[in-house]
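What follows are structure tokens for two forms of the same protein chain, given separately as structure 1 and structure 2.
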Structure 1
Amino acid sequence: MSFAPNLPLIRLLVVKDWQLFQKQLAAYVLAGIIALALLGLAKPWAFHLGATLLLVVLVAAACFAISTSLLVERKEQTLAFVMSLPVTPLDFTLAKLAGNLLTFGVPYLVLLGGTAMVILGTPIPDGFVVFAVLVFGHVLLAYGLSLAVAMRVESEGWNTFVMIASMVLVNPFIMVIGQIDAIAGPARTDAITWSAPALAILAAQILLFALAIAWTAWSLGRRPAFY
């Protein structure tokens, strides 16, 4: 059995996912822009409302990307049709991972960049950039873990539980890093300070996210057959 991926077929499957969901994802980006506009007002009520709305948009976009691309397709038996094509488990795995990373990654990066621009371009302390990046890092990690589970586990109940549980933990995460003086202190100043705790947390988030995606690609892609 050849383990060389069929890149043209993978590209077609990724483009298919993007074309199916790009309008919905554009709506999430629009909602995120509204949240950023509220943040940009730099008033206490607008900041809290905008931050809450931004988190809701990020979580919703992550859950939407996974649910529509995997869970809904399983329920509608679309995946069974895709598996009937001349596609190997490796091709299918890489296509689904790439498609999910694209459909979530585009709005994620747009909102991450927008958040940084709003912080740096308004009276919000520039040091808050580090705090915001760590929160985005948590969302990315939660998305990666949820995607890895959704690729491996067919139970809709367990997938929903993992998605909700991992995303809901963002509030405790914010509370925890808010108690770390090396992170919370500089966030109130105009100096962007990457302290050792902040760098350690960000490195752990990126590493765990990469491991989740890599493990999923390796474990599913090496199978000789889908079942």
Structure 2
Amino acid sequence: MSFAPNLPLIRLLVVKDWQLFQKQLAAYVLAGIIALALLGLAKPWAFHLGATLLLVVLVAAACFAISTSLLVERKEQTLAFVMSLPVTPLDFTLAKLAGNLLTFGVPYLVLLGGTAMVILGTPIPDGFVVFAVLVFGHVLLAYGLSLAVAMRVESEGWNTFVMIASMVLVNPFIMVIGQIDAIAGPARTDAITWSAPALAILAAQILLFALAIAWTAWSLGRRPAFY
């Protein structure tokens, strides 16, 4: 068995996932523009509505990216068709990971940039950027874990559980970091302060996300056959 990935084929599979994702992306973009317009009204109710809408879009992008490209395809037995193509498990794993990271990564980065723009371009204290990045870090980690489980575990129930549980944990996570003085204190000032606890949490989030993706790629990619 060859461990050299078939890059042209992987590219085709990623493009396929990206094209199937267009409608979802258009919906996220529309919701993002509505959220930014609400934030631009500069009213407290509009700010809360806009910020909530941004978070909903972020979570929806994470869940639907996994659901469309993995869970729905599994239900429709797309893998059986893919197995008839000259594709190795390594190619398929890498294509699925790359496609998912792309379809989630684009809206994720756009929303992260939009949120930073909102904080730095409005009277909201600039220090709140650190708090927001940690919340985005949590969603990234939740997405990474959900993706890893979706690729490893066939049970739809377990997949749904992990996806919902990890995303819902964003609420307690916000409460917990809101209790840490080194994070909550500077968030109320105009200075952007990366305190030791903030850096540690962010590093842990990124490390765990990278581990989840790397472990998935390694464990699935080295299989000699799909089953």
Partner chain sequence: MSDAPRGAPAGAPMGPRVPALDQLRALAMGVGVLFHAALAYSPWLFPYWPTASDANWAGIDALVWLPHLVRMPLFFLVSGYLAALLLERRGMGGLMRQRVRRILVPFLVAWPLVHLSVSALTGWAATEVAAPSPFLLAVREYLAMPDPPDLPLSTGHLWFLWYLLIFTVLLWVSRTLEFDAALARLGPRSLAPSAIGLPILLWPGFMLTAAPHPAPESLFPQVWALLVYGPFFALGVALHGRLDALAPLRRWLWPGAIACLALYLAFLRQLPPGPVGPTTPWAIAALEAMVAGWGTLVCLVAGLRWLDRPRPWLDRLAGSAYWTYLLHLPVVFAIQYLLLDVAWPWPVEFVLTVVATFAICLATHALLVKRTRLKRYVG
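For residue numbers, the reference is structure 1: its sequence is counted from 1. We call the rigid core whatever largest set of C-alpha positions still superposes within 1.5 Å between the two forms. Source: prediction; values computed, not measured.
In this pair, the copy labelled structure 2 belongs to the form predicted together with its partner chain. Annotation: Cα of residue 63 displaced by less than 2 Å between structure 1 and structure 2, core superposition. On core superposition, residue 35 has its C-alpha offset by 2.4 angstrom between structure 1 and structure 2.
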